[in-house]
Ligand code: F2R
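Single chain ahead, by itself, as structure tokens, in the form predicted alone.
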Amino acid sequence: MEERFVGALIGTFVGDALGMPVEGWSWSRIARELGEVREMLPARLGRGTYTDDTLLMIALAESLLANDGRVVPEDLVQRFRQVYDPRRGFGAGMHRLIRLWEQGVPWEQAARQLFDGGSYGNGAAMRVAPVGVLYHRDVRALYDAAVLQARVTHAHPLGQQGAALQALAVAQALRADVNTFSPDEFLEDLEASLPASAETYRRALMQAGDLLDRWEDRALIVRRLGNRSAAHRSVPTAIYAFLTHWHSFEEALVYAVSLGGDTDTLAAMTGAISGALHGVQAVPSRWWDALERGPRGRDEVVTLGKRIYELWRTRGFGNRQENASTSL
């Protein structure tokens, strides 16, 4: 179990680093120029370096640990401000939020000011793995915590629901038995875990189920599920990438990157789910060796995963597994 906790956090890191060098490329350009991305490529901060995806995941994990597992928005705001580093590829929304927070605008008000009603991007989903593992036995608490951490930056319901869906997928993978794993059952259970208000995501999961045997047709998958930064056009895609290659951490991430678009975040979310199923030992050694180290590097992420596991082990964080749809 500890290896799976660590796997979800490291999986975020690995996918982020693998996908970042081709972020913004189309699936066809990747296929034409590279064939596939199976190695860590040179990147703006070096091979194996991460983006804001992993940096914000680390900040969320540190905040959970500092607050006995609770999501405390005010603490998250301060930690996001502390780790903010434009070199890591933060999006326009975060740049604006940082300015608003520095001006003293309350976090809820600041989030609502983005994009005429709030962001529905995947920024809250890409960082949510620590919530998914910590609350994996209590679906209602997990959903609430995932939405609350999302609200700090994403006021739009689609951004919040996308983060909750990603956290649910990580938790479900963590609970799964790899020896009896079924992609169809995983999708059915995940869909049942969603509240009635998440109809957009329920439809996307149903569509993903219809496409499980069509994964080689990347043009179709991108057209139907998406590969962009909108949460509802990327979170279901990451879940799909995991499910079509659930047997292999490496193959799931390679496939996620092959879809093009927001490749770092697609692979980060896929990596979190796959890492939660297979554990940290599934990371190929050549990828592991390439991951950046130093402050908030590979070894510190491993330590964070172990500390969150210990927090869960000693505190429990509930044992309820009822669906969010019936408990919210």
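From 1 onward, residues are counted along the sequence shown. Fair warning: this is a prediction, and the values are worked out from it, not measured in the lab.
Not pictured, yet referred to below: the form predicted in complex with ligand F2R.
- Every member of the trio 93, 118 and 121 reaches ligand F2R in the predicted complex with some non-hydrogen atom inside 4.5 Å.
- Within this chain, residue 136 is remote from the site of ligand F2R in the predicted complex, having no heavy atom within 4.5 Å.
- Of the heavy atoms in residue 89, some are within 4.5 Å of ligand F2R in the predicted complex.
- Of the heavy atoms in residue 229, some are within 4.5 Å of ligand F2R in the predicted complex.
- Interface residue remark: residue 44 is counted as part of the site for ligand F2R in the predicted complex, having a heavy atom within 4.5 Å.
- Contact with ligand F2R, judged by heavy atoms within 4.5 Å in the predicted complex, is confined among 123-131, 213-221, 185-193, 247-255 to 123-131.
- In the predicted complex, not one residue of 184-217 has a heavy atom within 4.5 Å of ligand F2R.
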